[in-house]
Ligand SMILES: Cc1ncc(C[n+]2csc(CCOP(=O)(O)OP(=O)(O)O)c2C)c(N)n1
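The chain below stands alone and is given as structure tokens, in the form predicted on its own.
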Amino acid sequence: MKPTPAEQLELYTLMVRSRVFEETAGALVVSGEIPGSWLSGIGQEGTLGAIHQLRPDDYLTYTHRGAYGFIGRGSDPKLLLAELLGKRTGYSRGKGGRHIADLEHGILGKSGTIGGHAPLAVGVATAIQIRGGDQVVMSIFGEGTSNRGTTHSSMNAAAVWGLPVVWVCENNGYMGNVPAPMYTAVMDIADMAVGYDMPGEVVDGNDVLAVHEAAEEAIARARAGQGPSLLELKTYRMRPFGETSTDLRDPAEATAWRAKDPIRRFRSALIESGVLTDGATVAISEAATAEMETARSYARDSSFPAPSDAFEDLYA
């Protein structure tokens, strides 16, 4: 079912807020305030078409790229930036960096190894099944992660046990600077679904409404106890692998994909349909910029953990 005009406007706002957050994080990496790097998801905000449909009591495990999972679930940008800056006011008290868990919003964090969060999704989904609930776990991963043993074992377990997992593969065509044909024999990751007897669908990941439609069906299937599904979102990251990385991709390829910018496409469609006006577009952008400036100030003004904090949070 197509989202209502109000839902479309909310979805567009989330996409813009995510983009501005990422631009803010990228600038903080360049200034040296965020240690390490930030793996930007700019260009992949169409994934919000799936995330936005989760209920407050659903769960999300996420890939290492982008902020749309947090923004889409309702995480506080102030606490996100504080965490990235290593401040004690962050979600993990400055100890997690990009490895952020926001349990209030059902975001379970991620493993330090690629694909390590797939078994976590299976574990949570098993708990849901045992308790007789109808929540859903959405587990997002990149196409490079499709080659990991943890991913395949988890998909198999979810299928065998009929678990309420929606697997979402963000296929941006590159693992670092390595193009997909050099590390995977299957160009459509959704084709892997047949090996686990679950539905698999390829979706234009830069068309947020197409993502919404495909995810709606997969979520409903999982919630009804009919087992897992695999969605593959064909998309493209507009930034290098990391904000401090050299981008070795073909500039012409990147230019062609920028013309498919999911936010620009959605904005044009909303203006054409009358859901969005030029004035509202400016207002949403200005509000997002002001929000992230406030978040940046909060993070900068927050204190670092004390040395004694190193001995806290070791055990639950």
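Here the structure is a predicted model, which means the values were calculated and not measured. In case it trips you up, residue 1 is the first one in the sequence shown, and so on.
The form predicted together with the ligand is left out here; the points below concern that form.
The ligand is not shown here, and in the predicted bound form it never comes within 4.5 Å of any heavy atom of L120.
When the ligand is considered in the predicted bound form, I114 lines it closely, a heavy atom lying within 4.5 Å. Contact annotation: N206 falls outside 4.5 Å of the ligand in the predicted bound form, judged by heavy atom distances. The ligand is not shown here, but in the predicted bound form it comes within 4.5 Å of a heavy atom of R65. Residues of just one listed stretch (129-137, 102-110, 172-180, 224-232) have heavy atoms within 4.5 Å of the ligand in the predicted bound form: 172-180. The contact residue chosen from G144, P77, G72, G86 relative to the ligand in the predicted bound form is G144, the criterion being a non-hydrogen atom within 4.5 angstroms.
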